[in-house]
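Before any questions on binding or motion, here is one chain by itself as structure tokens, the form predicted alone.
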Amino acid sequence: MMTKSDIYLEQAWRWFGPKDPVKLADIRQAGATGIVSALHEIPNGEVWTEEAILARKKIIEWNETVTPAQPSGLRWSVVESVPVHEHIKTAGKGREKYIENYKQSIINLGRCGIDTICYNFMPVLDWTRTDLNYVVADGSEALRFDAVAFAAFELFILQRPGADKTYSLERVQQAEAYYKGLTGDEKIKLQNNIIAGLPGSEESFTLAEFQQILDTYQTVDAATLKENLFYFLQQVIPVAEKAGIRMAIHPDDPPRPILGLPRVVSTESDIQDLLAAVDSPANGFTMCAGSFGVREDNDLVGIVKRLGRKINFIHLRSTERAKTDAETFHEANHLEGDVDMYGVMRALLQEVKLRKEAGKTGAALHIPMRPDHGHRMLDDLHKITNPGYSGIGRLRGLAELRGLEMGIAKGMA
């Protein structure tokens, strides 16, 4: 029988706050103990106050349905995320003010006992999908990024100036044929899927607003965006280290340039660069197997083995590239798809073993891990759910990952 001390990874679950269809009571039944959440109601760039943080922490960590209130058995283990304002990414007007606000939010989170912050540096859009209800072979629904559909949006719906120069003639022809086959409602649905805001995204746009913010990146290439990221890290990492918080940047999703925008957190080399920019235990990354796994040239097991000491948070999900188009992919079941989940899990547990031998404790030892982007299945097919974050699909994913972890851990003992 495994005891709590035998568990290597803190089993966590993303929760979008009181309006999330999946309730905290459901999460307790799923077996997770860590909550991954954020104050989504606070506009990007504003300070998270201690009062607001503690109010949400109380909801998560105390069960007030009984008298007297009792600990819920859950802890707010990861903030995902404190969004990085666009003016920080572009070095635009007000950058210093937004960085100072970010620092204060870090300080306030540390004072409230939060020890891990996941964030990203993706320009304009957070994670991006074209289909939120892609039906897979077993009848469940997955999230999908269709490269042809995305090109159709960019070329013929958004009509981004110069977009045609970023695609091959064959892709333009594919996109045009796809676009011509869409009904009016399907065109609106595709547009909304891309720019109306997916769960965890803090902003949504109209077409005009979207093009306007894209225009702010006209002079920002990959080298400039990386320089702006390093500047941000140089400012905030010392504050995080002092506050006892570990920062964990999330890789780009999808991990390649889109919309003429640069992406600078897509490969192992990118991670090495940002870790070298500020050498601190507070400067780490989120090992998102699904995002890194979209690129065939990313060696996921090797990333964990070589950079494991800098992994501060884990997303264990799998993606599957289309056989006829490597830029198209969908979310696979957690133990299937293109990700070697056994190899990744084994490498992660070996990393935790090294940390234990080095005397690490707490969150620095039991790295928070959550299942991600589960399929919509069973009763959830008939409910309103957040795309990628239905209860039953993630319950299946967590159960599979817990079983995989236990089997590997026992074999390593």
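Keep in mind that what you see is a predicted model, and the values were worked out from it rather than measured. Throughout, we count residues from 1 along the sequence that is shown.
We do not show the form predicted in complex with D-mannose, though everything after this point is about it.
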item	value
C118: touches D-mannose in the predicted complex, heavy atom cutoff 4.5 angstroms	yes
4.5 Å heavy atom contact, E351 and D-mannose in the predicted complex	no
is_contact(T130, D-mannose) in the predicted complex, heavy atom dist at most 4.5 Å	no
In the predicted complex, N228 touching D-mannose (heavy atom, 4.5 Å)	no
D-mannose in the predicted complex reached by all of M122, H250 and H315, non-hydrogen atom within 4.5 Å	yes
Answer option from S140, Q235, S81, T267, heavy atom within 4.5 Å of D-mannose in the predicted complex	S81
Partner-contacting position among D126, E241, E154, E86 - heavy atom within 4.5 Å of D-mannose in the predicted complex	D126
Partner-proximal stretch of 353-361, 369-377, 58-66, 42-50 relative to D-mannose in the predicted complex, 4.5 angstroms, heavy atom	369-377
Within 4.5 Å of D-mannose in the predicted complex: residues from 383-405 (heavy atom criterion)	Y389
